[in-house]
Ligand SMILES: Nc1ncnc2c1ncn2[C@@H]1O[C@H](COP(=O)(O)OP(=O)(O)O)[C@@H](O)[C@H]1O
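Form predicted alone, single chain, as structure tokens, below.
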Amino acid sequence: MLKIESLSVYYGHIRAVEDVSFEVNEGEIVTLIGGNGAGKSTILKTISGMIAPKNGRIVYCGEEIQGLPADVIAKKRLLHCPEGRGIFPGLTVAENLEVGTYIWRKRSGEKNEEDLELVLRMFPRLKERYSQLGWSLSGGEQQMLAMARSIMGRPKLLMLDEPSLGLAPIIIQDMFETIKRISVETKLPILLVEQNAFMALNTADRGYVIENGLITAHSGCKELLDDPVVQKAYLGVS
């Protein structure tokens, strides 16, 4: 589905990402873990067309997309649920979800009832808050709304950037259970960027460790959970 080859990204003369390569296959969750400033979010922004890479290839569904505008990439249904949620606070839950359908309804005119039924089943709290304005939701509910809005866009691949950021531990647990359920029920491939390495590695199929813009380790998540270096650096095991 998605293949990144030798990707390098600079902010001026400052290296953010250097020679990064990885892939996301059909139906799997792949996670990028690492500390704050490691380059994880920069990678997602580059894939989604918000930042231009200096070097490298981004191949999505067999097509090179590096350098394409963000709106063109979104129309190809490679969707990015950003850090910080990015919901529309002055719109209701229902209206936020409706916005998510724009990229395909404008062209096809199809109805969204089945999509709406799916996301309200996966996020029952949003059904309870359906007529409320976005600003009135809790942080966890806003994150649910951001993810549900992305799913309303009928993604072929979904990128999630720090979905646990700023959430209470009990909400984080629910969030990752929902991410896993989305993957299992819809077979949707997911690229997950996350600082909470323990939850990410317990949710994903494969993982890559990013440090200072470089991939320093990659393996199946069980192997990474058992890796002493990963345990010490990211899981709090001394």
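In case it trips you up, residue 1 is the first one in the sequence shown, and so on. Since this is a predicted model, take the numbers as computed values, not measurements.
Form predicted in complex with the named molecule: not shown, discussed below.
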Checked Asn196, Thr42, Ser48, Ser183 for heavy atoms within 4.5 Å of the named molecule in the predicted bound form; positive is Thr42
Report yes if any heavy atom of Gln173 sits within 4.5 Å of a heavy atom of the named molecule in the predicted bound form; otherwise report no.
-> no
Any non-hydrogen atom of Val20 within 4.5 angstroms of the named molecule in the predicted bound form | no
Answer with yes or no whether Ala38 is in contact with the named molecule in the predicted bound form, where contact means some heavy atom within 4.5 Å.
-> yes
Would you please decide whether Val24 lies within 4.5 angstroms of the named molecule in the predicted bound form, comparing each non-hydrogen atom pair?
-> no
Heavy atoms within 4.5 Å of the named molecule in the predicted bound form: which stretch among 28-36, 64-72, 199-207, 174-182?
-> 28-36
Partner contacts in the predicted bound form for 1-22 (non-hydrogen atom within 4.5 angstroms of the named molecule) | Tyr11, Ala16
